[in-house]
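Okay, here we've got a single chain as structure tokens, the form predicted on its own, with questions on binding and movement later.
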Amino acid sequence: MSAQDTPSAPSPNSSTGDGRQTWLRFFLSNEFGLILLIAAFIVIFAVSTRGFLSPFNLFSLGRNSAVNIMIGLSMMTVIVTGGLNLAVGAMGVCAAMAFGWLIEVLGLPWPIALLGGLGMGAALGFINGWTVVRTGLHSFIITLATMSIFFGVMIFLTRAESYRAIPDVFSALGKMKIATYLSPLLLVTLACALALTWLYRFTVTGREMLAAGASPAAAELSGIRVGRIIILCHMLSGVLAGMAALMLVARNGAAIPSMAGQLGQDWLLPAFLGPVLGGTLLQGGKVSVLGTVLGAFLVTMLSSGLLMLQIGAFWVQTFLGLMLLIAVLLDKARRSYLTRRNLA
């Protein structure tokens, strides 16, 4: 056996260096930074506001976080391919209105109507993905257009009227409390986050989604049908947007056309903040489900705490917009540092 073939034992210094790099990479990660920010703001709001840690506020915080996290996950599934979905809010509202229509007009049981609402979200996602693939245009342009189209058609078909004949058993999910503090809606969201983590880490389809986002040309050469993957990602985004809207239906006890604002625009800021704060690359190819969950929770907690400090809602929106801009700039600087240190 030649010297080149002889295995050499790793030196203690090399293992120590690898360990230090691992810890340094962890301390520079988005997830660790978000955990520190969440802990810091919990202390700040607990000291400066009255009732921030009360059972009622903690329950409300968890219930609101469930919706915002689901919105962030919906956007994340498209960002992973390097795309964007500006129609998240419009798709969610359409899914919720389809759910209400199936119950109130057709008289279907709510579990079947629930599947129908999620199917509507998937169908609208298919339209977005298919159009992106067929036209070759960036999903920003396509979803900007479909945001208005979906919302406008929904308003025309429903005459902008709400569906309020929601079964009590479904509405009870939005008001139910587990151990005083916990909303079942948050458990549903966390279950979806775990399912997405499993998808991206342990399934072929999930790895193909990441590969298609990292380098579409290389993915095509390796046999991945990138167009099919893009459509699947948009359909998954539609399903998750529908789930977020159905959570709002359970909380409000009605399917309301304005639940996501005009054209669904009220969802856009939370949709971007969660993934961007969490470390999902806007260029595609990398995803952080845990980071998205932590980022969306931080945004919800900040909104709640600032409102409890009696800061105007317009200033809260301004602060969140600045936070999105700062997060993008800091993430760019962090990645440049990791690249220079060969830690990326």
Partner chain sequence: MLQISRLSRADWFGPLLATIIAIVLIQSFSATFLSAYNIEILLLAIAVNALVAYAQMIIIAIGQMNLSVGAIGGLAAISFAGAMEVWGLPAPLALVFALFIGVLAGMVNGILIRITGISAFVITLATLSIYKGINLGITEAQPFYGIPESVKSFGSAILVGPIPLLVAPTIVVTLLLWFMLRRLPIGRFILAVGSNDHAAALSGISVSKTVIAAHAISGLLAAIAGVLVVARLQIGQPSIGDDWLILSFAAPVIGGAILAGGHVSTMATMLGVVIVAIITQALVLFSIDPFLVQVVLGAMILAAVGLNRLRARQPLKGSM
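Just so it is clear, the model here is predicted, and its values are computed rather than measured. C-alpha atoms forming the largest set that superposes within 1.5 Å between two forms make up the rigid core. Numbering follows the first chain given and starts at 1.
The next section is about a form of this same protein that is not shown, the form predicted in complex with its partner chain.
Here the chain stands by itself, but in the predicted bound form one stretch of 225-233, 109-117, 163-171, 83-91, 83-91, has heavy atoms within 4.5 Å of its partner chain. Looking at its partner chain in the predicted bound form, residues Phe41, Leu58 and Leu186 place no heavy atom within 4.5 Å of it.
Within 4.5 Å of some heavy atom of its partner chain in the predicted bound form lies at least one heavy atom of Thr135. When contacts are judged by a 4.5 Å heavy atom cut-off, Ile142 counts as touching its partner chain in the predicted bound form. Although the partner is absent here, Phe202 lies well away from its partner chain in the predicted bound form, with no heavy atom inside 4.5 Å. When its partner chain is considered in the predicted bound form, Trp315 lines it closely, a heavy atom lying within 4.5 Å. Interface residue among Ala254, Cys192, Ala214, Leu269 relative to its partner chain in the predicted bound form, by the heavy atom within 4.5 Å criterion: Leu269. Screening Leu248, Leu102, Leu263, Leu210 for any heavy atom within 4.5 Å of its partner chain in the predicted bound form leaves a single hit, Leu263. Contact residues in stretch 151-172 (any heavy atom within 4.5 Å of its partner chain, taken in the predicted bound form) are Gly152, Val153, Ile155, Phe156, Arg159, Ala160. Core-superposed comparison between the shown form and the other one: the CA of Val43 stays below a 2 Å shift.
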